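Given as structure tokens, the chain that follows is alone and in the form predicted on its own.
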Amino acid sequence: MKILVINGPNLNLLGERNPKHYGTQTLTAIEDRMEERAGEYGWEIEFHRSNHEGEIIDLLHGSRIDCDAVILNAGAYTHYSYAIRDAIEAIRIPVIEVHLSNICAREEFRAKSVLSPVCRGTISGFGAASYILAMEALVEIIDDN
């Protein structure tokens, strides 16, 4: 099984950007934890990060060819990118939306995700563990198929 992990804008600044909301772990540390867990499952995992909406859409489109699922933290695009929403809807493989912070407990504009309705599920508010929980969800989804 191959999982694509896509991280969006500003997530390269994890570990230094507003630790109250995003924690102190770097993106590399989170990816290392995910890589370790993927190894336990015998999965292949691929990581990408971009500040550019079109690149995220291209990654989603490409995932339909050689991936079994996507874990996506679209950052601020979560709240307004109908283009990313449409790309998720078009690819027909499970996409798990993740967020480090609880987006519903933050500023009003962050409480709404335009992506959630087309994702298999959303995990938010558990810090770096949100990514591991997304992997656990994929275990269940795969077992159900």
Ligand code: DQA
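In case it trips you up, residue 1 is the first one in the sequence shown, and so on. Here the structure is a predicted model, which is why all the values come from computation and not from measurement.
What comes next is about the form predicted together with the ligand, which is not displayed.
Between the options Leu100, Ile45, Ala87, Cys119, the residue in contact with the ligand in the predicted complex by a heavy atom within 4.5 angstroms is Leu100. Proximity to the ligand in the predicted complex, defined as a heavy atom within 4.5 Å, holds among Ala29, Ala76, Ala38, Val114 only for Ala76. Comparing 63-71, 30-38, 100-108, 50-58 against the ligand in the predicted complex, the single stretch with non-hydrogen atoms within 4.5 angstroms of it is 100-108. Using a 4.5 angstroms threshold between heavy atoms, Leu11 counts as touching the ligand in the predicted complex.
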